[in-house]
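Next up: just one chain, as structure tokens, the form predicted on its own.
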Amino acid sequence: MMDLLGGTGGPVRIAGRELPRDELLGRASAVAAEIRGADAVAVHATASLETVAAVVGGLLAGVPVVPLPPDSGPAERAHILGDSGASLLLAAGGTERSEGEPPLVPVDALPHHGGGGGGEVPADATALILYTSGTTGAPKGVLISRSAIAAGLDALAEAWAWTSDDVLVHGLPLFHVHGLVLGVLGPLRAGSRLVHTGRPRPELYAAAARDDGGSLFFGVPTVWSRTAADPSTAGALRGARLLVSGSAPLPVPVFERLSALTGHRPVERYGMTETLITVSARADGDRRPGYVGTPLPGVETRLTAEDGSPVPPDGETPGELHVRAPLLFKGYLNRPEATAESFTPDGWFRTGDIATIGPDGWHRIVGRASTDLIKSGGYRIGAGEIENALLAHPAVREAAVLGTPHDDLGEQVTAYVVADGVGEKELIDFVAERLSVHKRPRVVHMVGSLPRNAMGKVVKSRLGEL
């Protein structure tokens, strides 16, 4: 494991339970001894020390780890277990196991070992099999190598000046890149202390800032929005070194409120399960609301139009973002056709995200090509720009925009808004005053809430249900 994670460092605390680094490695070594030789193992990825020990044990043994969302439904759970070929399920003792699932290994009941991971594991060996959200079909298993994780974490450590002196605080789920790779493997590699708050609640972040000297905080926009809505909680973060936002775009008004209340301009970054983190603002550099920064070391990016022609880096013209880097995934498990389709003939990964790149290299993510690029009356319109314009209205709490069919325009700009004391016409006029008239919403639906997934992203495919 030492080729991937540091050998020394601070303790790990998860939801109030803490282990010194050497004891955690002892528990992980017990896991490694139990699973060595398996083709793959699943981990019931609750926010717990058992999850961390299980994942690290997989790394020690050189066995691919499949994090299993604890809230996954029966069909999704069965698909992940069956598709991955996991032969064992690692979890805390007493965890319920459904009929037909792999045998359960109670992580907390294994005899403790003194550490050590056995033989060398190749750098290109698969470390994790992370499953995508499955918005376009059954979730696909993304094969992530040890070398990709190491390259990605080292690039972030440089960009964020992340060292063993830091105390990382977050409460993110441990089955995604954000919470698991960055939020657990990151501090283990950097040697920094980890305080996982169990859940990503602003009051828990504030307590960790006051009581644990939290210096580096990870959150999704929902966390930061709630933090910015509570001045006393936000004020507790003034002593932090860096606030990092990811997994979804941070609305510009939230960026500005958070900056005013905490004294910190948050760092935004961009990545995917398939790419890890590829673009980020820097600890010692500029941070611009609405932008995700510039490529990390070793990362190349470009924009292409629908016909494959290059899009100029003028900061205005949107195109599909392509990435080439040593931290890309190895492919989709058992899906060679899907893997081949995700790359261009000259070897660039097609992210499916629409972005603009400025002359200075700064990237702005417009949204997903499938839902966030609206083609209306001959114009190409990014949904994110309109969402930020709506969120600038003081009565608007949440906003989501997408294109819906229109007989004349092809698509019309349609907004779903959570707001108090404001009507459709006022919001349409508000946007038209700030953006080009063709970008104004044609229809605004006033709703009680927006559907979101575990990482706080709006699930736009479900907006029609509202």
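Residues carry their position along the shown sequence, with the first being 1. What we label the rigid core is the largest C-alpha set whose atoms superpose within 1.5 Å from one form to the other. None of the values given here were measured: they were computed from a predicted structure.
One more form of this protein exists, namely the form predicted in complex with a small molecule; it is left out here, but the text below deals with it.
A heavy atom within 4.5 Å of the small molecule in the predicted complex is found for one listed residue only; from A248, A229, A78, A92, this is A248.
This chain lacks the partner; the member of R269, K140, R324, R287 within 4.5 angstroms of the small molecule in the predicted complex by a non-hydrogen atom is R269. Residues within 4.5 angstroms of the small molecule in the predicted complex, judged by any non-hydrogen atom, belong to 240-248 and to none of the other stretches in 256-264, 333-341, 392-400, 240-248. At a distance of at most 4.5 angstroms from the small molecule in the predicted complex, none of the three residues E50, R97 and V107 contributes a non-hydrogen atom.
For the chain shown alone, T317 is not a contact residue for the small molecule in the predicted complex, no non-hydrogen atom being within 4.5 angstroms. Using a 4.5 angstroms threshold between heavy atoms, I365 counts as touching the small molecule in the predicted complex. In the predicted complex, at least one heavy atom of T132 sits within 4.5 Å of a heavy atom of the small molecule.
Proximity of S225 to the small molecule in the predicted complex: non-hydrogen atoms within 4.5 Å are absent; the residue sits far from the partner.
After superposing the rigid core, the C-alpha of H44 moves by less than 2 Å between the shown form and the other one. The Cα-Cα distance between H438 and P249 is shortened by 3 Å or more in the predicted complex relative to the form shown here. Shown here is a form in which the CA atoms of M272 and E411 lie at least 3 Å farther apart than they do in the predicted complex.
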